[in-house]
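The data below hold one chain only, encoded as structure tokens and taken in the form predicted on its own.
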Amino acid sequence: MDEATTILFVTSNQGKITEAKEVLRPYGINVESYVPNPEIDEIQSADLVEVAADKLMKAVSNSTLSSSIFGVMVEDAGFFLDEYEGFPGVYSAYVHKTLGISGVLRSLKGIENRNASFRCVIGIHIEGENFFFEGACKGIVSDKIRGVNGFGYDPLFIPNEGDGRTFAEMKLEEKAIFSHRAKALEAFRSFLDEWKQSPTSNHGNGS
């Protein structure tokens, strides 16, 4: 890549920063936390893409990009329970803060349908353009809290693609194989490989 290899990730969540670093580091991309001042107010919407687009627009308008910054990145993600028609979804952070994962477990006591999914939309601002990438991971909710790694709902979520462990029972590199965030970042990485080759991009060959 060119000299500008740092992406500012608009989040104070160190778990998200660590996961993004893990996925993008092999491609020469450094990820750093960026918290705008004042903090961004998120719009109320059930659409992850709409929330991410609004957040990205506000983040870019509040940031001063130096020549060493490759882009600005935002994310909107949610934990979706099939039994509750996708709830908490975009309200996952609020539910986690108020009920906690123990409260979510209690709400599912005696309920047979424990299917769930993590979904993620990542927005990237590069050279005046906005791009969006989505990732999803399906699984089930465990019958108890398991594991000490990760963050958020990780101790409850058993991915279908895994071996029966929750995300919180996995090492970061194991989770990154099929997590929703890793899939969205991988989609970005694949796009970037093609974008760098485009003759209309400043990052194309010969630039």
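For clarity, every value in this text was computed on a predicted model and none was experimentally measured. A residue's number is simply how far along the shown sequence it sits, counting from 1.
What follows is about the form predicted in complex with inosine 5'-triphosphate, which we do not show.
Candidate spot Tyr27, Ser68 and His125, all three touching inosine 5'-triphosphate in the predicted bound form (heavy atom, 4.5 Å): No: no residue has a heavy atom within 4.5 Å of the partner.
4.5 Å heavy atom contact, Asp154 to inosine 5'-triphosphate in the predicted bound form: Looking in the predicted bound form, residue contacts with inosine 5'-triphosphate include Asp154, since a heavy atom lies within 4.5 Å.
In the predicted bound form, Ser92 touching inosine 5'-triphosphate (heavy atom, 4.5 Å): So Ser92 counts as contacting inosine 5'-triphosphate.
Thr11: touches inosine 5'-triphosphate in the predicted bound form, heavy atom cutoff 4.5 angstroms: Yes - in the predicted bound form, heavy atoms of Thr11 and inosine 5'-triphosphate come within 4.5 Å of each other.
Touches inosine 5'-triphosphate in the predicted bound form: Arg114 (any heavy atom, 4.5 Å): No, Arg114 stays farther than 4.5 Å from inosine 5'-triphosphate in the predicted bound form.
Sequence-ordered residues of 108 to 135 touching inosine 5'-triphosphate in the predicted bound form, heavy atom within 4.5 Å: Heavy-atom contacts within 4.5 Å come from Phe118 alone.
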